[in-house]
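In the form predicted alone, a lone chain appears below as structure tokens.
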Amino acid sequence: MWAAAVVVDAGRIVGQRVVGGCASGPYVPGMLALRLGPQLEDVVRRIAPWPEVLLLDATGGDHPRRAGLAVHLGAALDLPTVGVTHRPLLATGAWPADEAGATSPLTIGTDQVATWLRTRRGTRPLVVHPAWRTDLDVAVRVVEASLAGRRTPEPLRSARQAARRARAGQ
């Protein structure tokens, strides 16, 4: 597997690290932190400068145990974390209005565990998961501040591209 992390400041990449390795175990639904967590922790610990908040393609409270990979990694690093996914894992809720910045709750039972966030008009909304030491309002503000005019937050997009380049041997 390839794990990548980038640090973005004022819209500019100021740090990047890519680490190759092997997943820590087989895929088991609901246990992604055990499979990928050690490698992701390793790549983040190697990055400079140290980020103020970590965005992950992972869930927070929208998880069978209410503690997805974004919560686990944040706790391991003692770093505020926000998960961003394209679909909720368990939570349900109607999409927000078709306007940039619109949100609508995602709930499990009566608990709001995440929110839909429309990042651009006419596009599918993202799921924003507050995780370690973040709440819904902070998580949404962090994601909105990192969009750089795109649907997906720039740090996630750049890290994904770096991991793909490493995998391709470029």
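The numbering used is simple: start at 1 and walk along the sequence shown. All values derive from a computational prediction rather than experimental measurement.
The following text describes the form predicted in complex with the DNA, which does not appear among the structures shown.
Although the DNA is absent from this view, report whether residue 29 comes within 4.5 Å of it in the predicted complex, heavy atoms only. Yes, contact at 4.5 Å.
May I ask you to check whether residue 114 falls inside a 4.5 Å heavy atom distance of the DNA in the predicted complex? No, residue 114 sits far enough from the DNA in the predicted complex that none of its heavy atoms falls within 4.5 Å.
4.5 Å heavy atom contact, residue 41 to the DNA in the predicted complex: Answer no; every heavy atom of residue 41 is more than 4.5 Å from the DNA in the predicted complex.
In the predicted complex, is there a heavy atom of the DNA that lies within 4.5 Å of any heavy atom of residue 88, even though the partner is absent here? Yes.
Candidate stretches 99-107, 44-52, 139-147, 60-68, one within 4.5 Å of the DNA in the predicted complex by heavy atom: The contacting stretch here is 60-68.
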